[in-house]
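Before any questions on binding or motion, here is one chain by itself as C-alpha cells, the form predicted alone.
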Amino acid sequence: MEQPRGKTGWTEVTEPGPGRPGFGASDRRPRVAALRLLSTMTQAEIKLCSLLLQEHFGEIVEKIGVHLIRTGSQPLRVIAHDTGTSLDQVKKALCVLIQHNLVIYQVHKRGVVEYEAQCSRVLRMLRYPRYIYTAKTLYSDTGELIVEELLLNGKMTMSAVVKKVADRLTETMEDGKTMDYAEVSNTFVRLADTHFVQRCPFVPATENSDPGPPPPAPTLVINEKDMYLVPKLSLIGKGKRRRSSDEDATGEPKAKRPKHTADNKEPIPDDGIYWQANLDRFHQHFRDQGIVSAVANRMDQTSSEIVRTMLRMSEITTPSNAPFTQPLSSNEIFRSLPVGYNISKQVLDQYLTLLADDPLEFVGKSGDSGGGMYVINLHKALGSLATATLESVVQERFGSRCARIFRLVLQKKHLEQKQVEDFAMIPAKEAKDMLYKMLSENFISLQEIPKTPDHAPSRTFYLYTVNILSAARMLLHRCYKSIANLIERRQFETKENKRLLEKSQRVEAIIASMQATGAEEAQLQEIEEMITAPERQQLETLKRNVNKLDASEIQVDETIFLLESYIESTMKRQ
C-alpha cells in the first residue's frame, strides 16, 4: 500500500517538532546522503590502505593493519584473537607498522597497551615516489638516496644512513672512484637544516634508570628544539663496493665475520638518535610549488618569482598548517630576490601592489612599515587551487557549457534556475539538463528557502549553489577509488605476464654475469635470442601499460594532495 505523501512530494517522516519547523523527509535526505557518502568514502580509503599495505609489506601486515583501521585501537591479544593470527606474527607485524609510523600505541590506566592504525599515514605511501623525486631535484642523487633509505626503513640513525648511501653511490661510480662519507653527511645536514628530515621521539634516560618495574610500554618524548639538531659525528671513510663472491680473501664466509669481530667494534656514536622523513615539510613544499605555478599562469614569471621568494623566506618560520605566512616587508623581499632578477625597488612595489589587488587574494597587505608588510594567504590560495581543480573536472566530465554554468554559480553564490538560463545564455531545456546532471553527481547542491512552514513547492525558492567543501570531499572519495582501481589493474597486468617477466629477468641476469666474465658478442646475442620477437613485443606493451598506470597514479595523487590540503585547512578554520 502506498504511503500518504506530503505537499512536497516526499513521504513525511515526522511532524514538525518544537524548535524544528517543517522538519520532514526533504530535510533528512541530504543528511542521509552525506552519511552514506562518508561511509563509502571510508570504505574506499580502507580498500586503498589494504592494497598499499599488501604491496609494501605482504599479507600478514596487511591483515593486521586493515583490522586496526576497521576496528580502531585494540590490545595485542584481542588483535590476535580477532584476526586468527598467532601472537608471534601479530607482534612482528606491529613492529613493522610502528617502525614505519603506520601504527601508534597508548598505555591506559590499568596498564593495557592498545594499538591504533594511522589511516592517513598509510595513504601517504602513495606519495613516496614524489618525496624521493623532490629530494633529488633539491639535493641531487645523494639527497634522493637519503630520503629513499629513510622511507624504506622507517627510522634510521644518521651514521647508518650515511654509510648505506655512500655504499650505494660508490656502486654506481666508475672503478677506482668512491663516495666520501663526509659528502653524504653534508647533504644530510642540509636536509635537516631545511627540516626535510627530523629526529624521532626517543625513550628518556631517566626511564631506563628507574629501579621500579618496567612500564608496559616505553614513553617516547622529543624536545622541539632538538628535532632538527644533527649530532656531531666524525664519520671518516668511503663507500664500499659489494663483493661478487660470498667469501672474502681469507676464505671466511660473510655470515661468520660479524660474529667474529662483534666484540672489537667501537660503539656507534649516534646510537639511539633515529631520524625519519618529515612528510609535512614535503607537503609544504608541494603546496608552495602549486601556489607559485598558479601565480605564473595567472600573471607572469616575475610575479611568481616574487611569491616564490616570499614563500622561501617564510618556509621555516611558518608552520605547515598556518593560514598565513609570516609578514614580510617590501625591503626584506627586495634583498632576498634571486641574483638574476634585476628589477628595481619601485618595480617590485608595483608588482606587490598588483598581487595584493588581485581578486584571488593570494597576497595580502598587512601593514605599511618597512615599505609595506605583505603576507601570503595560504588558505585562500588552497581554496582557489581546489576550485580550479573542480572546474577542470566539470569541464572534462560534462563539457564547456556545464563548466560555464558551474563557474557562474560559483561566482554568484546562489541562483534560481531561470537566472542560470539568463546569465549563462543557454536554452532552458539544456540548462535544466546540465544543472540536474551536476546535481546528481554532487558537484552543485540545491538549497530550499520556504516562504511558509509547510515547504510547499509553489511557495519555496529553489537556489542552486556550490558547496566547495562538500564537492571537494566527493571528488577526493572518487580519487581514492580511482587510485585503487589503477593499482589493481597494474597488479593484474603484472600477474598475467608473470612467466614472461621471470624469463626476461633470468635472461638479463645471465647476460650480466657473462658480460662480467668477458663473454664474446656472439654468445651474448645467442642468449638474447632466447626471448622471441613476439615475447619481446609483449614485454614492450606491458612496460608501456605499467608506465601509463604509474604516471596516472602520480597524477591522481597530485589532485588528492590539493583536495586534502584544502579540506584540512578549511576544517581547522571552522
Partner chain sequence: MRFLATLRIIELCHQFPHGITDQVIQNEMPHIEAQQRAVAINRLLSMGQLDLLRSNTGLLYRIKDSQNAGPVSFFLSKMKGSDNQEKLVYQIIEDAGNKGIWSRDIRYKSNLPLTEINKILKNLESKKLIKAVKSVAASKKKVYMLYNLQPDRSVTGGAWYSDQDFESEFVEVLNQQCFKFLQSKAETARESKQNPMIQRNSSFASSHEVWKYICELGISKVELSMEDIETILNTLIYDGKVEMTIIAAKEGTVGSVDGHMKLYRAVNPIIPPTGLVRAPCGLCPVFDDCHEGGEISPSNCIYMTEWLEF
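Positions refer to the first chain, counted from 1. Note that the structure is a prediction, hence the values are computed from the model and not measured.
One more form of this protein, predicted in complex with its partner chain, exists but is not displayed; see below.
A.B. asks: Tell me which of 184-192, 484-492, 318-326, 222-230 has residues with heavy atoms within 4.5 angstroms of its partner chain in the predicted bound form?
C.D. replies: Correct option: 484-492.
A.B. asks: Considering 338, 359, 84, 453, which brings a non-hydrogen atom within 4.5 Å of its partner chain in the predicted bound form?
C.D. replies: Partner contact (heavy atom, 4.5 Å) among the options: 359.
A.B. asks: So which of 73, 445, 170, 392 gets a non-hydrogen atom within 4.5 Å of its partner chain in the predicted bound form?
C.D. replies: Only one option qualifies, and that one is 392.
A.B. asks: Find out whether any non-hydrogen atom of residue 282 is located within 4.5 angstroms of its partner chain in the predicted bound form, and reply yes or no.
C.D. replies: It does not: once its partner chain is placed as it appears in the predicted bound form, residue 282 has no heavy atom within 4.5 Å of it.
A.B. asks: Check whether residue 121 has any heavy atom within 4.5 Å of a heavy atom of its partner chain in the predicted bound form, and answer yes or no.
C.D. replies: Judged by the heavy-atom cut-off of 4.5 Å, residue 121 is well away from its partner chain in the predicted bound form.
A.B. asks: Is residue 351 a contact residue for its partner chain in the predicted bound form, using a 4.5 Å heavy atom cut-off?
C.D. replies: Output for residue 351 is yes: heavy atoms within 4.5 Å of its partner chain.
A.B. asks: Under a 4.5 Å heavy atom criterion, is residue 414 part of the interface with its partner chain in the predicted bound form?
C.D. replies: The answer is no: residue 414 has no heavy atom within 4.5 Å of its partner chain.
A.B. asks: Does its partner chain come within 4.5 Å of a heavy atom in each of 467, 565 and 568 in the predicted bound form?
C.D. replies: Negative, none of the three is within 4.5 Å.
A.B. asks: Using a 4.5 Å cut-off on heavy atoms, which residues of 463-484 contact its partner chain in the predicted bound form?
C.D. replies: Those in contact are 475, 478, 479, 481, 482.
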